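In structure tokens, one chain follows: the form predicted alone.
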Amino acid sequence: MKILVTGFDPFGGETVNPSWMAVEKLTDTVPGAEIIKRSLPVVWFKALDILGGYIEEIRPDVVVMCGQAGGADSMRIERVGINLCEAKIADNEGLHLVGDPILKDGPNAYFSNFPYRAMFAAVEEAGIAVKHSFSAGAYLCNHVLYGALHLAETKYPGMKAGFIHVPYLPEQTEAKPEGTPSMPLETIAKAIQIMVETIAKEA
């Protein structure tokens, strides 16, 4: 089995993105699977093109996408990708989209086909805060989730795909309002590692 795991570049004025930093810490293999790690730009549609290229090249059985959810107090397993581009901020190339579809003729939404219950249970058993989430927002995280699920539906039958949101790192919250939640990088990486190992067993 091949599992492609992605994280994003920094965005929104941040100098780091814990999603990619954590992905880089993953082992290259887990029992039953090879792990291939790649980064994605925070750029509308370019991220999808690059992700599609990775999938074409690697032909993974599973695509695990990770991204930063500033303000989250736990790991979040996303369940739904929606056909919408809308954000308060521009992407890293200055493009600001509000109300645009990802695919003009695409369905309104796709549900992740991850083994999310097993993933949730494994992370929870490790004592790491985790939640199910039914909204990945409408920025680049949702963008690639929807796009990957569309590829699974239309081009790569049998491919599983889903998205994991991670909190800020503690150092990212130093200049933010008091009480802004965060999670150490080692804990984020451990949670993603556990989820990838669970996917290799269950997918």
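The first residue of the shown sequence is 1; numbering continues from there. In this text, all values refer to a predicted model and were calculated from it rather than measured experimentally.
From this point on, the text means the form predicted together with another copy of the chain, which you will not see here.
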| query | Does each of Gly53, Arg59 and Thr154 have at least one heavy atom within 4.5 Å of another copy of the chain in the predicted bound form? | reply | no
| query | So, in the predicted bound form, is Thr187 in contact with another copy of the chain at a 4.5 angstroms heavy atom limit? | reply | yes
| Any chance Gly13 has a heavy atom within 4.5 Å of another copy of the chain in the predicted bound form? | no
| message | His96 versus another copy of the chain, in the predicted bound form: is there a non-hydrogen atom within 4.5 Å? | response | no
| query | Taking the shortest heavy atom distance, is Pro170 within 4.5 Å of another copy of the chain in the predicted bound form? | reply | yes
| remark: Here the chain appears without its partner; judged in the predicted bound form, the stretch of 59-67, 24-32, 162-170, 39-47 with heavy atoms within 4.5 Å of another copy of the chain is 162-170
| remark: Exactly one of Ala90, Ala109, Ala118, Leu103 comes within 4.5 Å of another copy of the chain in the predicted bound form through a heavy atom, and that residue is Ala109
| query | If we check another copy of the chain in the predicted bound form, which of the residues in 167-203 reach within 4.5 angstroms of it by a non-hydrogen atom? | reply | Tyr168, Pro170, Glu174, Lys176, Pro177, Glu178, Gly179, Thr180, Pro181, Ser182, Pro184, Glu186, Thr187, Lys190
